[in-house]
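Quick heads-up: it's one chain on its own, the form predicted on its own, in structure tokens.
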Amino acid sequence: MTVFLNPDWNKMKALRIAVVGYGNIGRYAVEAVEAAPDMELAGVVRRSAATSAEEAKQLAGIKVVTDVEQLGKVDVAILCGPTRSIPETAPHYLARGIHTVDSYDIHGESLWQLRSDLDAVGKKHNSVAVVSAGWDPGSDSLLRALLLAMAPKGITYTNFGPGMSMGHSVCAKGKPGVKDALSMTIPTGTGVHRRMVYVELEPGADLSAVSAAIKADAYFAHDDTRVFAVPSIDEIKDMGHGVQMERKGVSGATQNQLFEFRMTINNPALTSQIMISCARAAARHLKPGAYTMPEIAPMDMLPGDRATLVKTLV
């Protein structure tokens, strides 16, 4: 079956999107907005409007501001800052009536707490927050839900990598004595992973102290984590990543149902594309409040009218 984009997207009013932050995800988010047929880039919001020579070239013709109010009307803010900044950043935009999409990447109780907190803010200010709109949590979460529906009894293994984890790398880079860091996720099978963390140390920094700080952080505490000092992170950095998901289970009373999903990706490029797709759902389809990806109909993430999408995809 061949699937084409719905040509009726051009009848819709373009959504005005602000990209908040211009790190790894922010750069790709700008590209994804500019490629979306039903969106326009309002601008980039940064702590400082100053740019390096390379960034100035990348942002040529794009409005760069320090406050979203300087961009005029904005429908959705794509929050591209570090995960641990989201609980503070998202309410700032939701309270202004601007929908938000983030890629918060800490699983479990903290994710649910963030969703609950942003749900209250969104309902109060008539805005929508899409939480953890990356690929894991995010699109992989959606797939895990579908696999569970296909085989309600069974076990799902999610094996990440090998590849760069952006959230873990940012966390390691934030430790005292670390100039730059790269955290690689290495799958060892059955959903178990090893974290290989490479750090470029500040002059005089002690590797053992840095290693202890990294291993004690919640990002790393539950995995086999190994820390190594290297002369330069730039010489080894690769933003590639991937996942292999497997479920063996039972459909009704039928045993031995086996499902597999695999992808190899550029990590920030896929993350930003998912966020942009969720921005469409937030602005066009969802009621005020907070949502994770399994709570959103996949078609709500696509441009075009429902009838054409159903005829094309179903």
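Owing to the predicted nature of the structure, the values given are computational and were not obtained by experimental measurement. All residue numbers are counted from 1 along the displayed sequence.
What comes next is about the form predicted together with a further copy of the same chain, which is not displayed.
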item: Close approach of Arg46 to a further copy of the same chain in the model of the complex, 4.5 Å, heavy atom; value: no
item: Any non-hydrogen atom of Ala283 within 4.5 angstroms of a further copy of the same chain in the model of the complex; value: no
item: Glu109 within 4.5 Å of a further copy of the same chain in the model of the complex, heavy atoms; value: yes
item: Touches a further copy of the same chain in the model of the complex: Asn159 (any heavy atom, 4.5 Å); value: no
item: Contacting member of Ala149, Ile236, Ala95, Ala218, with respect to a further copy of the same chain in the model of the complex [4.5 Å, heavy atom]; value: Ala149
item: Candidate stretches 70-78, 138-146, 206-214, 162-170 - the one whose heavy atoms come within 4.5 Å of a further copy of the same chain in the model of the complex; value: 138-146
item: In the model of the complex, residues of 74-88 near a further copy of the same chain [heavy atom within 4.5 Å]; value: none
